[in-house]
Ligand SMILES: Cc1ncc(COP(=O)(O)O)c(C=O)c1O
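This document opens with one chain alone, in structure tokens, the form predicted alone.
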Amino acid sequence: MVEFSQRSQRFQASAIRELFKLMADPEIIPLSGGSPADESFPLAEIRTIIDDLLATQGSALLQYGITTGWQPLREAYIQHLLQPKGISAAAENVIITTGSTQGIHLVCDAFLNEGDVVLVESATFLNTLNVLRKFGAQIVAVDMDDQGMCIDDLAAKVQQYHPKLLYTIPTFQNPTGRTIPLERRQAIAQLAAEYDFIVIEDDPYGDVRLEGEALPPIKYFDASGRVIMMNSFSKIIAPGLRVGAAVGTAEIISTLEVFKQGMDTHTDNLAQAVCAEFLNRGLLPAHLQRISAMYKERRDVMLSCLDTYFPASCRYTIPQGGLFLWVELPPGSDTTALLNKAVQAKVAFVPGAPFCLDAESGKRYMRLNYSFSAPEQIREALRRLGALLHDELQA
């Protein structure tokens, strides 16, 4: 047998993807994935848009496209998603990606050499950790508190490690649901300028706000051109479209374009055009209002059930948006072991360890998703999990 590459040995199977295999059992209540609710998808609007597009531009949309993306989408993204956040950009500053994870991969292609240091939040999106491992990065975790990344620890590690990249999810972070406040966002942009590193600002959840006032992204404070912001249409329209976007300097975007040419040539034209029309027809604001109301109800049910069913020694975040909250169990707890019992009780969640560089430090955490399951399912799932936790902590 021909040996697999050394690079393949750096990857770890995604805990979330492995949990998806359990979803073949219809009795399992999934609090595990990061999926929007099936009933959130704007099916009627997308059906109308596709019919119109195929009738008027079908040949162009089914032909090869340009690597940087469908021009109407790049323009619509700037007008409807960037400008309202105070970000000034031209088409040359934008590249459309096949999901935002591709954008992260392209930035790593453009900037990382073997052994380069990348700073990440102490708990972060596990798929990004796998991408960074693939490139042979030296990954260093930055401490977090209830307001996200700690700037003092970030500054200390910047000075110690001289990173090439910083990866952060500043708004409704995955997995914790935390949001970095305004002053810290400014400080991150200033540190990047002062110490010459790239910030990957991953923002797939920021438009799914359940309450509170929106904050400007880190990119808003980027006077040095060192912040690359990633967005995704997966959580705000539908993940099956596989459309994302990245905004950065023209030089950075042109370099990402070269690497994307060698990866998939271009993102699906029809899916891009659907997103462009959805934005240009003014459908997004009402859609966001609808799904945010749905997710707020589900989040509130989950929070209430955590208070009712979980031991008082458990702590949890209260996110103002996004899809997740983060539960902290007492010291000595092991959510990986607990998952096996939870699956037997027909409930799935994601243990904390895969989100952390130091798996041991993540063992007493779990990520719960409130967007996908109906309120009555959330109640029953939390009741079952709570009973298991009471048994575990009394043992």
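Numbers follow the displayed sequence, beginning with 1. What you see is a predicted model, and the numbers here were worked out from it, not measured in a lab.
A second form of this protein, the form predicted in complex with the ligand, is not displayed here; the remarks below concern that form.
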Even though the partner isn't displayed, in the predicted bound form is K235 close enough to the ligand, meaning a heavy atom within 4.5 Å? yes
Is it the case that I169, even though its partner is missing from this view, gets within 4.5 Å of the ligand in the predicted bound form, heavy atoms only? yes
How about G206 - does it come within 4.5 Å of the ligand in the predicted bound form, if we only consider non-hydrogen atoms? no
Even though the partner isn't displayed, in the predicted bound form is G321 close enough to the ligand, meaning a heavy atom within 4.5 Å? no
Let me test this: is every residue among Y309, S333 and H390 within 4.5 Å of the ligand in the predicted bound form, going by heavy atom positions? no
Partner contact check in the predicted bound form: of 235 to 243, 110 to 118, 153 to 161, 255 to 263, the stretch with a heavy atom within 4.5 Å of the ligand is 235 to 243
Answer key, the ligand contact in the predicted bound form at 4.5 Å (heavy atoms) among T101, S292, N93, S122: the residue is T101
